[in-house]
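The chain below stands alone and is given in structure tokens; this is the form predicted on its own.
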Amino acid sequence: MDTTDKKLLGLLQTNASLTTKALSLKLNLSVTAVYERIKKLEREGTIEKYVALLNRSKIEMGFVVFCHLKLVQHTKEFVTKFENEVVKLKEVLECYHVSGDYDYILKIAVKDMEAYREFLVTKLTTLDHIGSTHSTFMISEVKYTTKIEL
């Protein structure tokens, strides 16, 4: 990956809807060269997908919770079963298996505290092998980005 690829990736991370023509003007390359670079980055898996990022508040999902979770045991069976189930929960935006005091950290988005309580009681804590949970609520978003600086 050369400097031009890095610049191209930076531009696409900022605005993936830029046309190859707009990108070519910013990079001083031909439209064909930009197109070929993008296709190469996609083939290699550097670019995984293109998405639209939504404003959570506009879709009534502005209440963000970070839920720390412990399993009762760390057997392969318990871990696999939990992971297979948690990915099905639409409220869970992100889930990370972590080291330390807890086994998982989940980023959850719902409408409000009442919706979170409902989610916790009727969905999350009904999953097998959960030992305990600890919830932390987002007060404000200080930094949010999906862009990785290259």
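The first residue of the shown sequence is 1; numbering continues from there. Since this is a predicted model, take the numbers as computed values, not measurements.
What follows is about the form predicted in complex with a further copy of the same chain, which we do not show.
Among residues of the shown chain, Arg56 is one whose heavy atoms approach a further copy of the same chain to within 4.5 Å in the model of the complex. In the model of the complex, a further copy of the same chain stays beyond 4.5 Å of every heavy atom belonging to Ser30. Although the partner is absent from this view, Leu12 contacts a further copy of the same chain in the model of the complex, with a non-hydrogen atom inside 4.5 angstroms. a further copy of the same chain is not drawn, but in the model of the complex it has no heavy atom within 4.5 Å of Leu120.
Contact check at 4.5 Å (heavy atoms) against a further copy of the same chain in the model of the complex: none of Leu71, Asp112 and Thr126 pass.
Applying a 4.5 Å heavy atom cutoff to a further copy of the same chain in the model of the complex picks out Glu44, Gly45, Thr46, Ile47, Glu48, Lys49, Tyr50, Val51, Ala52, Leu53, Leu54, Asn55, Arg56, Lys58, Ile59, Met61, Phe66, His68 from 38-76, in order along the sequence.
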